[in-house]
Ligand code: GLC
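Listed next as structure tokens is one chain, alone, in the form predicted on its own.
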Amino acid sequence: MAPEILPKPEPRIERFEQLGFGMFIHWGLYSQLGKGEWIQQIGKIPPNDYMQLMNTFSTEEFDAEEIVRIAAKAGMKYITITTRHHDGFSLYDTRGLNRYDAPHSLAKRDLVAEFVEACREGGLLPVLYHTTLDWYEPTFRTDFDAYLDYLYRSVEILCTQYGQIGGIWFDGNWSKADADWKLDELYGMIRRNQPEALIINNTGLGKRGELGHPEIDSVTYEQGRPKPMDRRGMSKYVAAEMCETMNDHWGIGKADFMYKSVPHFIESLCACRKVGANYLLNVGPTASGKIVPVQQSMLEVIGQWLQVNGKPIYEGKPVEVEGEGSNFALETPDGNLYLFIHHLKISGHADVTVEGGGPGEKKFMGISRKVESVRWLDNGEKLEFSQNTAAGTFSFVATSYSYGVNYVVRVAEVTFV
């Protein structure tokens, strides 16, 4: 039986996969309350009371250029921002659809225009999140066809008034799972106006990795590590992306101290790239638009890790090489193999080193090419190895970190004869 032919990625999808790591930004009126992005509904705030937040939405610390610099320093290659979240308030000029937008707030600014321009100047791809459910627009509840026309015209503004964009990231179809969202019309309009833009529609917590409409360019894994994509029999190559919060909220939670760790983020990034997926890590700016120091600092440390290990993260692709446990391999276009090693220990004096570990053999299956050398990316140390090319078995001696060093996930570069 002939093997099934795998689809080839369209250029926009291939470029997206090479970006690898991006920033998600959840910011809006809800940020002033500091209790997360769903506070209007969860807190049962009357619509008229909630709308008054427009009058205090000052945005004086929102500096799109600074945010782009923070993202770039973290090694991020694109940014996805909430142009309109479920509360229905828009960070962009809705151009007469309503007055519930940033230009009509205290800010009196088109924040999306500033964001897109800053991304272009900083060399990052701007992606625009847009809700599909809406707590503000009454037709969402009373006349769904009229609402879909409103949604269409809203997205059309983003596709026609801000130059070339990287994509549209939808979220909310799960709110009316059985409804006809008229996606052929909506996605067709995007393709006409933004042929290079990605179309992503978040399938939510309960349906991670599910593929929806044929025009979708990437499946999503909200708050859950992605699985390998089985593209056999697919009519189109589809990418994958995991989005994750730094603590328990997307929008800022001023009293949410349940921050995940930098090692968690590094391991999540590696887990995504292991299966060829992108990692979209969220920040929730303050009411006035500034990324909080703890989030900024953690991003900076991730960027330091990527300065050492970035090549295989951005250029590497999954390969049929199996490691033990969490260890895995990626292959770069130059033919080199990169082995990602978890759970190494630090070597040092017993009085100052907790569970210090020495060198250990790390085994891989599926390497049949003759290996020339193996070295750590972080210090260039050459490592001992052995292999059986006929059997495809390979192992190398992974030395422990020297005292004062721990990369969480350590990467070895393998070159071939």
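Residue positions are given as counts along the sequence shown, with the first one as 1. Note that the coordinates shown come from a computational prediction; the quantities given were computed from them, not determined experimentally.
Here the subject shifts to the form predicted in complex with this ligand, a form of this protein not shown in this document.
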Next on the checklist: Partner absent here, but in the predicted complex, which of 108-116, 94-102, 165-173, 144-152 has residues with a heavy atom within 4.5 Å of this ligand?
Outcome noted: 165-173
Checklist outcome for this item: Interface check vs this ligand in the predicted complex: of 217, 134, 331, 222, the one with a heavy atom inside 4.5 Å is 222
Next on the checklist: Going by heavy atom distances of 4.5 angstroms or less, which of 129, 340, 187, 265 would be at the interface with this ligand in the predicted complex?
Outcome noted: 129
Checklist entry - Do residue 250 and this ligand share at least one heavy atom pair within 4.5 Å in the predicted complex? => result yes
Next on the checklist: Would you classify residue 274 as touching this ligand in the predicted complex, given a 4.5 Å non-hydrogen atom cut-off?
Outcome noted: no
Checklist entry - Does at least one non-hydrogen atom of residue 194 fall within 4.5 angstroms of this ligand in the predicted complex? => result no
Item to check | residue 24: touches this ligand in the predicted complex, heavy atom cutoff 4.5 angstroms | outcome: yes
Item to check | Heavy atom contacts to this ligand in the predicted complex at 4.5 Å, residues of 70-85 in sequence order | outcome: 85
